[in-house]
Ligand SMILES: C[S@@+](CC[C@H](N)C(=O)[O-])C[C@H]1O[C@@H](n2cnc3c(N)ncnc32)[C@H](O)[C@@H]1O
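First, one chain by itself: the form predicted alone, in C-alpha cells.
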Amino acid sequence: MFGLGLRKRAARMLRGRTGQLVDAVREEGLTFLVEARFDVLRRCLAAADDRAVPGDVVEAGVAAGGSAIVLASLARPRRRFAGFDVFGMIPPPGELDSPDAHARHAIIRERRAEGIAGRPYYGYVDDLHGEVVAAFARHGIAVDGTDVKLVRGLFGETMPAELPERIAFAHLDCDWYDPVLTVLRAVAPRVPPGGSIVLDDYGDYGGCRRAVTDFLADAPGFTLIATTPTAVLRRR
C-alpha cells in the first residue's frame, strides 16, 4: 500500500509538471492540440510505463513542435524520442481523402492558413526544422540526434532507416489517408504487446478514418479502443 501511495503521488506531480509544459507550448503557439488531446497522450504513455512496455516514443507530424516537446519530456530519461516531419509545407491529400481535406489544403496552399498566438502558420516558416530545434532547447531538451532526434523528409523515405527498433508509443498527426496508412504500416510491426498508437486526426478527416479501417483489416493484433477525442490503437 505504501508503494502504491508513492506511485500515486508521483503521478500527480508528473501531471502537474506536464500540465505546465502543455500550457507553455500552447501559449507559445507551438501546437493546435487542446488539453483533452494532450490528456490522451499522457494516459497512453503512462499506460505503457505501467505495463513496462519496452520501446521508444515516436511522433509523425511534428509541425511546430508543441506535442513533440511534451512527448520528449515525458519519455526521458527511460525512453528515446524520434519526431518525423517534412518540416515545411504539408504535402497535398490524395484521391482517397474527403473533400474537407482538399478544402483545408487549398487554404494552406494559398497561404490563407492562420497560426496560433500571433505566430505564422508553421508551414510558411522558412527554417521550420531550425525553429523546432530552438523550441526544444527553450524547454530544456537538446535535439542531440540520439536520445532526441527530429528527422526531416517524407515518412515513406525516412522511417525505414530512422525508426526505433521497438516503439512503446506513437502519436500520428499526419492528416491524410496516404501518410497515415504509410506510418501505421511502418510503426505497427515495431510496437510490442501493450503498446499503443494515437491518431490525432481520426475524428477530423475521413481519410484518416479510412486509413485506420484499411490498416485494421490487415492487422488483427491491434484493437481500436477509443475514438474520442482521438483514436487509440492498442497492440494485444
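Everything numeric here is computed off the predicted structure, so don't read it as measured data. Numbering starts at 1 and runs along the sequence shown.
We do not show the form predicted in complex with the named molecule, though everything after this point is about it.
The shortest heavy atom separation between residue 195 and the named molecule in the model of the complex exceeds 4.5 Å. In the model of the complex, at least one heavy atom of residue 63 sits within 4.5 Å of a heavy atom of the named molecule. Under a 4.5 angstroms non-hydrogen atom cutoff, the named molecule in the model of the complex lacks residue 74 among its neighbouring residues. Contact between residue 94 and the named molecule in the model of the complex is not found at the 4.5 Å heavy atom cutoff. Only one segment in the set 185-193, 168-176, 206-214, 48-56 has any non-hydrogen atom within 4.5 angstroms of the named molecule in the model of the complex, and it is 168-176. Of the residues given (163, 150, 135, 86), 86 alone sits with a heavy atom within 4.5 Å of the named molecule in the model of the complex. Residues in 99-120 all lack a heavy atom within 4.5 Å of the named molecule in the model of the complex.
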